[in-house]
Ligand SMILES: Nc1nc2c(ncn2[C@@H]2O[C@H](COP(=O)(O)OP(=O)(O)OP(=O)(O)O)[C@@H](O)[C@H]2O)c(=O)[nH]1
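Listed next as structure tokens is one chain, alone, in the form predicted on its own.
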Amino acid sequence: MLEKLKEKLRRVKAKLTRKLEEKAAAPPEEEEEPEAKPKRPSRASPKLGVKRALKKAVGIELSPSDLEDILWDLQVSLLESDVAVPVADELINRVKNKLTGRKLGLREDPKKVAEAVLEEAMREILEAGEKVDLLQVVKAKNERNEPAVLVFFGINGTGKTTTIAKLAKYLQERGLRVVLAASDTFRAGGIEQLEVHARRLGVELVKQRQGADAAAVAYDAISHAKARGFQVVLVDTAGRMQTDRDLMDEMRKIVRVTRPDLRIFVGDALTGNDAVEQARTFNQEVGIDGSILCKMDADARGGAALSITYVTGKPILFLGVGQGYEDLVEFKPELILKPLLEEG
């Protein structure tokens, strides 16, 4: 699809350049001097950054047809940043509505106007939907003398178990007592992996043998937390493809038994549109309250975070930015807007 868009872009850019130069060369309406001959249009590179695409849009007052041509640049840039096609289309429509017929004052900086328009449209998506304050959720549950229960799910290899350990560290640093539930009883090394993390962090772990009922393990961990005064239970689950019906049924059972305060999807930012489809399916099957994206330090461009927020209507809670336990940062829109606004 990108190749078709780029080819279309190459064809329309020459046409657009001619239109813009004709407008720029025309004298003011009150003058009666003959219209200047337009200059020969130059060929521009088909790969333009998002900022550069929008800078062209604010140089003059644009008609809808002019703006439609310019937005091809924007669409290509968004797709190259791993923004899902439906999300890119929605974003383009919002930008189009904001810029059509817009005029600039003599003292306005086109670059600043362009950045503000794009940033506002993206921020609207990232900040849409219900906000989730994880620490407030824990506090509210603890005030009823009960532990907060957080269940995590996602496909294999996304870094889910390591993310749980990072979150345990995050909660520990805020004075909260945490217990881990090794409900990944399907994978051979799942229990051992979480056990290593628990030992390194100095947190308690509730486990059973491989092949045990995953929901029963989670239930035991909650009972243990209530009896011993733990404030948070983090439930690990087996990684599962969103198309695996048996494991999805197990996931629904865990949710029924634990009645979690938060259901958190853990995705790999590097998988781009695959992570978006996974989040969409998990949200449909068991419902999610928020997401955590891993591997944001490995050249992820932010499109997955923007797309997941749009398709689920639920916020990104944290970003994984490294291998250490401390490499988990609270999500802020600026962390995504910056890479998305970089030059292509």
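Here the structure is a predicted model, which means the values were calculated and not measured. All residue numbers are counted from 1 along the displayed sequence.
What follows is about the form predicted together with this ligand, which we do not show.
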Though only this chain appears here, would Cys294 touch this ligand in the model of the complex if you measure heavy atom gaps against 4.5 Å? yes
Would Pro333 sit within 4.5 Å of this ligand in the model of the complex, counting heavy atoms only? no
Report yes if any heavy atom of Arg252 sits within 4.5 Å of a heavy atom of this ligand in the model of the complex; otherwise report no. no
Any non-hydrogen atom of Asp184 within 4.5 angstroms of this ligand in the model of the complex: yes
Pick from Asn93, Asn156, Gln136, Ser223: which has a non-hydrogen atom within 4.5 Å of this ligand in the model of the complex? Asn156
In this chain shown alone, the residue from Thr258, Thr271, Ser77, Thr162 with a heavy atom within 4.5 Å of this ligand in the model of the complex is Thr162
Choose from 148-156, 199-207, 171-179, 84-92 the stretch whose residues reach within 4.5 Å of this ligand in the model of the complex, heavy atoms counted. 148-156
Residues from 310-330 in contact with this ligand (non-hydrogen atom within 4.5 Å) in the model of the complex: Gly320, Val321, Gly322, Gln323
